[in-house]
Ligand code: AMP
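Only one chain is given next, in structure tokens, and it is the form predicted on its own.
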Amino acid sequence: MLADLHSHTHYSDGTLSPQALLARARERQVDWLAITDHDSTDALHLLRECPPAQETPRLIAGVELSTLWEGHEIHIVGLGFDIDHPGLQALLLRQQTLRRERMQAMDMNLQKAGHCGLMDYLNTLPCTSLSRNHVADFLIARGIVKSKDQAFKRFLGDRGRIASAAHWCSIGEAVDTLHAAGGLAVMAHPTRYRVGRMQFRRLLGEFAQSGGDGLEVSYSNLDPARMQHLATLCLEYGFWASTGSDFHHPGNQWMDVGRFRHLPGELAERAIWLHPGWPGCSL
């Protein structure tokens, strides 16, 4: 069984429409797919209103919430929740507003540097959760930088020329909101956070104390040794194990839909889809 529980559409920083993402997942023989756009469930509402004719992959409600912990942006994936839950939708609206305000601050800084048109560009996009990746695309399109790496080093990183701090919700609020909506909370791609070993353990401990349910143990571009280490931590902290590609666009073949390793054998009984709270039905 192939469960890709982390993917993105053009409603956040992916490039495919929800329908195109579903079709790609079907081609890749994915059984369960969670669309987890950043701070948005618009793709899920669209697919509920216009459901696909095919039964596979089975669609699981998902979202990727941005949180702030000790100055670090930590992503929490929500799975299997009620997409109409008022508390969740209120949080998503607040996060989206923060995103737009951050873009406006970056636009002002760009104008001071002599580069205009960012907000006009962003307003042409189909997304509802704007991000620094979209700003990087703008900088590349205007010839200001040649790559996303250059965009983040020169402009968008913490010390970049147009940097603007994010003020996301806390991990506790994210977990509580997902639980109130009937969902599960999973820490996304845990090896990608720039924290030291002891700080990482403190992060896992606080996530567990907040009621976090799971840890992504297998995802794209994760080597076997690190996956095995995550499997050990998953058992140590009592988490359920999740899997996902973190797919954004077809051009990145190393992060394609369904492209990740199977869970280690010792987690066979701890897969997140075996959790008692796993949704019994799709959207």
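In this text, residue numbers run from 1 along the sequence as written. Predicted model, so just to flag it, every value in this text is computed and none were measured.
If you look for the form predicted in complex with the ligand, you will not find it shown, but the lines that follow are about it.
Name the stretch: of 88 to 96, 201 to 209, 175 to 183, 142 to 150, exactly one has residues whose heavy atoms fall within 4.5 Å of the ligand in the model of the complex. That would be stretch 142 to 150.
Report yes if any heavy atom of Arg102 sits within 4.5 Å of a heavy atom of the ligand in the model of the complex; otherwise report no. Although the ligand is absent here, Arg102 would touch it in the model of the complex, with heavy atoms inside 4.5 Å.
Quick check on Asp158: any heavy atom within 4.5 Å of the ligand in the model of the complex? Taking the distances in the model of the complex, the answer for Asp158 is no, it never comes within 4.5 Å of the ligand.
Close approach of His248 to the ligand in the model of the complex, 4.5 Å, heavy atom: Flag for His248 set to yes.
Answer yes if any heavy atom of Asn133 is within 4.5 Å of a heavy atom of the ligand in the model of the complex; otherwise answer no. Answer yes; at least one heavy atom of Asn133 falls within 4.5 Å of the ligand in the model of the complex.
Output the sequence-ordered list of residues from 1 to 32 with at least one heavy atom within 4.5 Å of the ligand in the model of the complex. The stretch 1 to 32, when checked against the ligand in the model of the complex, contributes only Asp13 at the 4.5 Å heavy-atom cut-off.
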